[in-house]
Structures are given as structure tokens and as C-alpha cells.
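In the form predicted alone, a lone chain appears below as C-alpha cells.
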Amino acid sequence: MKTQSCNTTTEQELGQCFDRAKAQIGVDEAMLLVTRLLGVSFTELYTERGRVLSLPVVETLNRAVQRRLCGEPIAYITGYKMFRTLDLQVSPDVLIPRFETELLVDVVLDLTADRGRVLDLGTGSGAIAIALSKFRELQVVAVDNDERALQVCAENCKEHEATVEMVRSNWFENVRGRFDTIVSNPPYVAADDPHLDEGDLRFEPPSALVGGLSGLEHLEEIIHSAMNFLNPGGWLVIEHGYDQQTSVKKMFADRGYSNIQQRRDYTDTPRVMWGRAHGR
């Protein structure tokens, strides 16, 4: 089926291009592309519809619409994603921050006292680490094994003036010291999960999604090793898959964590689990 697009052979009016984008990808996504890529405010979309856009600007919007029609996530096209109140840079080198992952931040803030030391394992864009550092006076260390991900994290820290220590490490390999709280949203999708071939997941880095054949490989490693890096009475907080609650709870219990608790996400799906290290 042939799709409409803004005519790229001449200048176009803002309203005309916006309407054509809406017809193809819907009003919400069209608004995101226009406001992000063209620097037009939501108000201007409706009050300055007659504004003339230059040919390069028209082409920029047209290419973005075509990329979205091919399934590429809006966040990668615009280069940004909102997480809590933070406008974060993202790239195909990092997982796109999810709404449900905000629960991890909520739990850590509830559990950790001011000036507590927190480790964010697999930080990616730095969403969790930066949110924690901005909403509470905490000593935050962000870890990732991918230098490109750490570069994105560093850019976000700079943009939001967040004080976060960054360490390149394969999980705990280069981590030093102990922490009051360890938090992680690790890869937890099974290697053969059909969802990997659907939607946004097709474009996201497999290393940030796949947790081995069962999806539990990294979860098991983190739950087992974290006890060696937690202060007595410290907390481990992790995000897990929709069908992994029973397995993850058993891992916590087998390793000796106490006060094991869980929270469901906004779709009432088991999503976050935490437990306390022995010693207090």
C-alpha cells in the first residue's frame, strides 16, 4: 500500500505536514515527531499552522515518519525518552526506559535513607541512577559493561547535572565497596521468546534484553552475588519478567534474603521484587 508523505519537492505549511503525519502514524506520535524534530511547541501546532517549513525541514519530518512506519521506536527517532520527570537521551545502544521501571525508583527511595550508597547494575541510559540522584541525596554508582551505554549515561548526567559515579563492569566484576541498596533492571527475556521479534524489541540491543535461554541467567547471578556487596540489612531490588515471580522469589529465599516483597506494575503484572541481606 502506498503511503502519503509530505511533498519533499517544495516548501510546505506546518499544518499540512502535521495532518499528513497524523494520517499515517496517529496524532500522538505525529505530535512527538513534530515537536521534537522541528522544535515546534504543542501550541504552535495549532496556532501557527500556516508557518512555512523549508525543504530540509520537510524532508526531516518525512524521513522520521517513514522510519516510524517501518516500526522503529519513536524514542530512537527523536533521541529522547521521558522517565519520571527526566527527559533522557537514548540511542540504539541502550534499552528504552519503561514506565514500569519507574517502580524500581519508587521502591529504592522508600527503602534507602538519605546519603545512602546505591549501586545501579546495568544502568544503560542512566535512567534509574539519575532519577535516584535527583530525587534524594544519595551516593549513586552506575555500572554497565558497554562503553557506548556509559557514554549515553554520561551525557544524561551532564544534561541533568546529576552526580553519579560510573564504572565499566560486567556486573560486579569491577565494583568496589558495599552498598545500602543494589538495584537492577537486568536482561530477563528468554532467548526464544517470540516477543523479541515484535514491536520495539526488534530494534533494541539484544544484550539489554536477553537473559540466557531461560531469561533467568542474569537474575540468578545478581541475586547470588549481591549479598557480598550489601551492607548488613541492605536491600536488593530487581525488575523481572511477567512470568518469573515464583522462580525469582525462590532465588531470593535460597540465597538467604529476608523480608522478601514484591510489587505489581500498572498493568497488575508482577514486576519488582526486593529482599534484605542478613546481618540486621
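Heads up: residue numbers just count along the shown sequence, starting at 1. Note that this is a predicted model, so its numbers are computed, not measured.
Keep in mind that the form predicted together with ligand GLN is missing from the display, and what follows is about it.
Quick one: of 111, 74, 175, 201, which gets a non-hydrogen atom within 4.5 angstroms of ligand GLN in the predicted bound form?
Here the answer is residue option 201.
Which of these residues, 209, 167, 86, 157, gets a heavy atom within 4.5 Å of ligand GLN in the predicted bound form?
That would be 209.
With ligand GLN left out here, work out from 113-121, 179-187, 78-86, 145-153 which stretch has heavy atoms within 4.5 Å of it in the predicted bound form.
One stretch meets the cut-off, namely 179-187.
Can residue 95 be called a contact residue for ligand GLN in the predicted bound form at 4.5 Å between heavy atoms?
Yes, residue 95 lies within 4.5 Å of ligand GLN in the predicted bound form.
Heavy atoms within 4.5 Å of ligand GLN in the predicted bound form: does residue 100 have any?
Yes, residue 100 is a contact residue.
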